[in-house]
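Take a look at this one chain, the form predicted on its own, written out in structure tokens.
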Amino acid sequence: MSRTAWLAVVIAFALVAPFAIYPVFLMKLLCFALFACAFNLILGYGGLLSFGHAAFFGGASYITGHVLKEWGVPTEIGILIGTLAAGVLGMAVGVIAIRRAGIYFAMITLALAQMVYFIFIQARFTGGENGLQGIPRGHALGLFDLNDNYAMYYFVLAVFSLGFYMVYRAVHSPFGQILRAIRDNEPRAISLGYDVDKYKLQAFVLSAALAGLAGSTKAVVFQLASLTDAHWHMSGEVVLMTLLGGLGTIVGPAVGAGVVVALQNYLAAGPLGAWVPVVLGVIFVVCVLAFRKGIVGEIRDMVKKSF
């Protein structure tokens, strides 16, 4: 099938999905899919392993929840403010972390994210361990009541589509080509005259902002912003989603997010509820050892070999 045909099938499925599958589950899946796609932008295409993306995801959810609950702004404005806040935080973290590479970069992002996490524990507006509850969903464009799960689903689908398109355009642009060059051979990129730190920082800020967009949307969906969203465990989960789906592929992180979210939801309700982290850990180990390219990467290679 051509790319256009596949796209038409995906759009058709997305439009009818809430009538066959629980809409809240689908909304959670879309939020984490966007989060994983944002993370893949710096890891899959920039070669930067960040263990601090939960700070942007959780931080944006807190900011959005606060402005919606206390300021009474429209839902779209609240999400936009949370996204911008995540971008600003990404700029602050990136300026410090981007000077290093490899494990040092990862540890710096983790340390800074943990600092942000402890700030959220102490801050009054976050609600501490209880989280920020009762976030109003409001109305989309002042017309559609987002308290209706179907209306909320299509709103989240629109947000995800916008974020995914931004990732797609970034990857398939000269900016994306330069990111790949830096990932594959940074000294050569420097010798060609590129300011690699500038491009890394731009990719990091864009990734942080899109992660914030996902976190802001999730806060509106569940009407809750909690410490779980900002904990380093969340940074580990998004790494798992990206690697499981396919590092450096466009749709791979979304597929990986779908697998992880589905396992968390459906296994938690069964006899393996307490063993969900163990199951995810086993899947991760198997993927790393046997399916290095992830689900989408392996399927793509199989299709290429078939033809």
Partner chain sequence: MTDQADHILTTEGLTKEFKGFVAVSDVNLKIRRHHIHALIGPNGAGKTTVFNLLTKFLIPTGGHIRFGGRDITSAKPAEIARMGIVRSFQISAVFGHMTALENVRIALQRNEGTSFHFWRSDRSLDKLNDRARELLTMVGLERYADTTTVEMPYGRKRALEIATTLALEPEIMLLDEPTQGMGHEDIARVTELIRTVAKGRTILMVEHNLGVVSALCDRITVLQRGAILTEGTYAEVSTDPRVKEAYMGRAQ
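None of these values were measured; they are calculated from a predicted model. Positions refer to the first chain, counted from 1.
As for the form predicted together with the partner chain, it is not shown, yet the points below apply to it.
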Seminar exercise, completed: Which of 162 to 170, 214 to 222, 72 to 80, 139 to 147 lies within 4.5 Å of the partner chain in the predicted bound form, heavy atoms considered? The stretch 162 to 170
For this session: Look up in the predicted bound form whether A123 has a non-hydrogen atom within 4.5 angstroms of the partner chain, and give yes or no.
Result: no
Exercise. Can any non-hydrogen atom of R180 be found within 4.5 angstroms of the partner chain in the predicted bound form?
Worked result: yes
For this session: Would you please decide whether Y199 lies within 4.5 angstroms of the partner chain in the predicted bound form, comparing each non-hydrogen atom pair?
Result: yes
Exercise. Given that the partner is absent here, does R188 sit within 4.5 Å of the partner chain in the predicted bound form, heavy atoms only?
Worked result: yes
Exercise. Which listed residue (V88, L227, L206, A106) meets the criterion of a heavy atom within 4.5 Å of the partner chain in the predicted bound form?
Worked result: L206
Seminar exercise, completed: Answer key, the partner chain contact in the predicted bound form at 4.5 Å (heavy atoms) among L192, A92, A158, A101: the residue is L192
